[in-house]
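Presented as structure tokens, the chain that follows is alone, the form predicted alone.
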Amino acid sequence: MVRAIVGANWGDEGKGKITDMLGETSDIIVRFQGGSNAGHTIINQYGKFALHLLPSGVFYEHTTSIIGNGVALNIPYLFKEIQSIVERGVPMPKILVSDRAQIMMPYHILFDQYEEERLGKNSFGSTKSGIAPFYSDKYAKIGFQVSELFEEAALREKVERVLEQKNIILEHMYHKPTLDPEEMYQTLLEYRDMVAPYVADTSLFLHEAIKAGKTILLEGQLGSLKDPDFGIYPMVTSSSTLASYGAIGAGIPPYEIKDIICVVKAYSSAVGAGEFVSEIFGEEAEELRKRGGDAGEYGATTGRPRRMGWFDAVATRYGCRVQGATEVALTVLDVLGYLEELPVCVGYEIDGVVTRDFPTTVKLAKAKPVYETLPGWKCDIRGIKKYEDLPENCRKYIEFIEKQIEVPITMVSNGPGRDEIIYR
């Protein structure tokens, strides 16, 4: 049985907690795309963690965590992340890294920084973790697969060939110091030694696991609106954030994915640049940001204050649709207990016409939110375990959202802890 956990919006919906929670009943947890550019915050018996590359299931002794072939693999980062959790008392996790995963090269991170610098005010608000240069190289066929680290002669020759091109760009476009091929080759040998204990044919491993009836969880990073095809292009990430890409990024057949849990936030937040129709500003935004999530609404990777907004039913219905959501987990509902009333964006007005369908980015720039306001419940709902024990206005808010997004809300998260969840 394969389930995918993905985000419906701009990322930061609380997927880490849901993955961590469902990890309990899973055998294998797979990261299938992205790199260390986004994080998942998890709170459990060992403490509070911000994971970036490791799948959220590493806290269980019965699970195998897989870094799939679709991931941008930052090897020293992975190595450090494993060490950092073990140092805090977490048992050494079982980790497999795909031999087909591609390696985040040190120069990818440099190029990311140099390009944002060069673009100045037109920059993409990148986390500068090398993601765009990494995926550009992968599809330009000058990336390095993990398996290539184990063929020394071919590796050395390829490093020289690739750096020839990189050095021309560094020197003439960015006016920055060039790279030494010998030094880069030695760095890659160090990477090889770090990653060697984990390398496996993970697609084959998953094939066998599916045959044996194991439970597999695919863990996505970011959300629908950051997808390069279906998101707010070009203010998107560089790998597909959709559940259907999970089949490719993990190396399994698409028809094996039976359940797609879309994680939806009870209000909106976004990190980085791009269109955001229901965005709010000033004191109203600051208040929500301060109360939001467990650490307030600041990026798990960058610490940047997130942009805040009211629940956007147009974007979320679309986000669930392109993910193919079979069920929804609604998160951070407890945060909204201080509000007298709750605006919900139910339509976009574009050139005087109201639409319920999420448009392309050029049209999105002209969209104004159309709100419907619901009464607040004015109390703290943390600690409530049963759906019927929630205040009436709170249940009305959930049911209103469910009707708007057209997918059943099966889980309601009312606090950051692993067990603060209400099943419907």
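Residue indices: 1-based, along the sequence shown. Since the structure is predicted, the reported quantities are computational estimates derived from the model, not experimental observations.
Separately, the form predicted together with a small molecule exists; it is not shown, and the next lines address it.
- The small molecule is not shown here, and in the predicted complex it never comes within 4.5 Å of any heavy atom of residue 391.
- In the predicted complex, the small molecule sits beyond 4.5 Å of every heavy atom of residue 52.
- Although the partner is absent here, residue 332 lies within 4.5 Å of the small molecule in the predicted complex, judged by heavy atoms.
- In the predicted complex, at least one heavy atom of residue 43 sits within 4.5 Å of a heavy atom of the small molecule.
- Note on the partner interface in the predicted complex: the residue among 108, 166, 317, 306 having a heavy atom within 4.5 angstroms of the small molecule is 306.
- Only one of 359, 376, 39, 369 comes within 4.5 Å of the small molecule in the predicted complex through a heavy atom, and that residue is 39.
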